[in-house]
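This document starts with one chain, in the form predicted alone, laid out as structure tokens.
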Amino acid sequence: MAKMMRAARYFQHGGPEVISVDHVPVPEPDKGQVLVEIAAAGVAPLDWKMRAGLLQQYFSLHFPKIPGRDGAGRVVACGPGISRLAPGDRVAVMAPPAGQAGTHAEYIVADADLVVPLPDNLGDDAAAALINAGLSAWIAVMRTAQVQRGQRVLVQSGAGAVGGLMVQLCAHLGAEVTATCRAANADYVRGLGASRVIAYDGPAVTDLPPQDVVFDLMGGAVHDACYPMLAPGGHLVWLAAAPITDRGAEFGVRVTRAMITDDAGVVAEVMKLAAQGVLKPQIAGVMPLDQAAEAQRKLAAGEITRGRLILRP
């Protein structure tokens, strides 16, 4: 009889109520794959947006879908052809967004290329909070914007999981960092390394010096508001969210989408920086797997404003 595991999953697009936690067979690793027992998994905006059907133009899902883009745990079995990983290894794992198998389950089979060993001094919850958010932040800051010491940098939504890591990375690189957030999160964002904080539920700011780089994590009206903040020749870097209109030519600035793709090398760099204390994991809260639907509801409702929410199978 096949060994069983618990997994959150949904069979159709809809509200959080379409998610159920079911008993399903534990998958077996094939060639080039490993079976990982998940100890902690992140809940990302992508999870609820895909479930709600908001991203069907980007991803075609095969149901039933287990959500979850990332997780931390231990290797329990290896398929043929695996040499650099072994049972017992603590690892971070990435799950392709459109695949049926996500990390909101007790086990996941993952391609070994998407599995990264974890530093001994980094806990499972901390690692899970860093994987996908750190991937997005590192690619945007280091690869797309190539932030340099002394630059003026603005991070929109600086208290969130990705924005908070961007603030930390840019400050570490020696940039002068400004960030936007709710007024209630201002001290928190300063603690991440922002030298200036703009509360988007506070008075309008009129004395912000022209910025060399602006990171837009929201799109829509937030994206439009970024252009006047940039110095001539500045760089607006955006991550896919609400639709945007590229007005770079009008304002004389560069506009670039940060292309976020799973990359084990980048995740390894993020974990290294966290182990060194350069990056502080941002954990918004921890919930059991049985509350997977409630976790997505809280995220979609805007109740999670600092860091990453974690599920523990």
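The first residue of the shown sequence is 1; numbering continues from there. Treat the numbers as computed from the prediction; the structure is a model and nothing was measured.
The same protein has a further form, the form predicted in complex with a small molecule, not shown here; the description that follows concerns it.
Only one segment in the set 140 to 148, 76 to 84, 118 to 126, 235 to 243 has residues whose heavy atoms sit within 4.5 Å of the small molecule in the predicted bound form; it is 235 to 243. If you check the small molecule in the predicted bound form, you find no heavy atom from any of Arg152, Val177 and Arg247 within 4.5 Å. Of the listed positions (Arg190, Arg182, His172, Arg90), a single one reaches within 4.5 angstroms of the small molecule by any non-hydrogen atom in the predicted bound form, namely Arg182. Of the candidates Ile131, Leu217, Ala194, Ile108, Leu217 is the one whose heavy atoms come within 4.5 Å of the small molecule in the predicted bound form; the others do not. Although the partner is absent from this view, Ala161 contacts the small molecule in the predicted bound form, with a non-hydrogen atom inside 4.5 angstroms. Looking at Lys280, you'd find every heavy atom of it more than 4.5 angstroms from the small molecule in the predicted bound form. Contact check for Pro45: a heavy atom falls within 4.5 Å of the small molecule in the predicted bound form. The closest non-hydrogen atom of Gln168 lies beyond 4.5 Å of the small molecule in the predicted bound form.
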